[in-house]
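Here you get one chain, nothing else, as structure tokens; it is the form predicted on its own.
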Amino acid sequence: MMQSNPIPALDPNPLPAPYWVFKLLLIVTFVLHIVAMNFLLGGGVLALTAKWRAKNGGFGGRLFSDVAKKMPVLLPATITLGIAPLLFVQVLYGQFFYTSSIVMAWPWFLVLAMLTAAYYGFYYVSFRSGQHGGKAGGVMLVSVILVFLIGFLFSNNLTLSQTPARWATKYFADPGGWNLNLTEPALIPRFLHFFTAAVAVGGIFLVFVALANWKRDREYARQVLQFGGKAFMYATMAQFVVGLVFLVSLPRGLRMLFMGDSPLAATLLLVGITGGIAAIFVMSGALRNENIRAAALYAPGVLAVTIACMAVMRDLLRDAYLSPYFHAGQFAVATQWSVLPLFLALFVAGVILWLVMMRRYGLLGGKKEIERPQP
């Protein structure tokens, strides 16, 4: 039965809101999640790089300590902001996502163990980075690698959910659930595309760290600005190459969506490329003039547009992959008008509150940072 029809039946329960509402919320919440995740992974990679390049502590050691104190906040922010898009994926694409999760059951279960271990590691580093620098660096490296592997497993699951034709072969090859989607040609380029973006956005995170220190310690803030800004520019340049490889790795029919077959997809790709180039030029000018306002406001603003375009392109690509099996019109809808406005209002209020909390904590350039008690 699985070989003839591997896709489970659609959930008969009607959607409690129009399809487009869930689609919009999926994209918006994914953008919020991906920004937090990029701060976490990219910030961790750059903090380790600064530490290992430093001589006798200095700027690199201080930056490592600053970032380390924020990691236990960034990880739960990433998890919390990731729950919403994961739920919306299950609502709209549950029959695909649940099946791929079963096919790679054990690697998928390991995500929880790796998250827990990474969380403990980040807490250890946040408390001990100033006292046991060498050991803290090793623990940070392990935690960052775990986050890296979690992202790789997510890419495996999501790409597998988009290719139902592979399910039966993989399941019957190993019914115990020790499967990955390593035979997918686009898997590695897709994952590297996300990783390179994480390093670029991690550079923006360091720019916010520089902004938070701009009035208190101008020399240190300048060093952080230069390091973070250059990391952003170099990673964004690399992203053009990685993105091209990812595009070429797609099946021809899907690749051509971005080459003109879909005017929307082609336009989004053009806007995304233009936005990336513009962000590089804005950041370059900000670094030359040491203009912290341009680096922390204008460059991230242009980058935000680029990230939004890429998120929509990602969603269009998923629907193109699933077009033989998935159609928006297949859902029954019974809008719960008594609840929907309240939900949307609370959602907007929650996002605003999250941004205020991040700014107050110093993750978005705020002036105040919460002091951590020593154990």
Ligand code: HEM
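Model, not experiment: these values are computed from the prediction. All residue numbers refer to positions in the sequence shown, first residue = 1.
The same protein also exists as the form predicted together with this ligand; that form is not shown, yet it is the one meant from here on.
All three of Met233, Ile273 and Ala304 touching this ligand in the model of the complex at 4.5 Å, heavy atom to heavy atom? Not a single listed residue reaches this ligand in the model of the complex, so no.
Please run the contact check for Pro189 against this ligand in the model of the complex: heavy atoms, 4.5 angstroms, yes or no? So Pro189 does not count as contacting this ligand.
Leu32 near this ligand in the model of the complex, any heavy atom under 4.5 Å? Answer no; every heavy atom of Leu32 is more than 4.5 Å from this ligand in the model of the complex.
So, in the model of the complex, is Met37 in contact with this ligand at a 4.5 angstroms heavy atom limit? Judged by the heavy-atom cut-off of 4.5 Å, Met37 is in contact with this ligand in the model of the complex.
Consider Ile79 of the chain shown here, and say whether it contacts this ligand in the model of the complex, taking contact as heavy atoms within 4.5 Å. Yes, Ile79 is a contact residue.
Just one of 328-336, 343-351, 313-321, 63-71 has heavy atoms within 4.5 Å of this ligand in the model of the complex; which? Stretch 313-321 is the one.
Gln239, Gln95, Asn179, Ser155 - the one with a heavy atom within 4.5 Å of this ligand in the model of the complex: Comparing distances to this ligand in the model of the complex, the residue within 4.5 Å is Ser155.
Contact assignment for this ligand in the model of the complex, among Ala136, Val89, Leu268, Leu211, heavy atom within 4.5 Å: By the 4.5 Å criterion, the partner-contacting residue is Val89.
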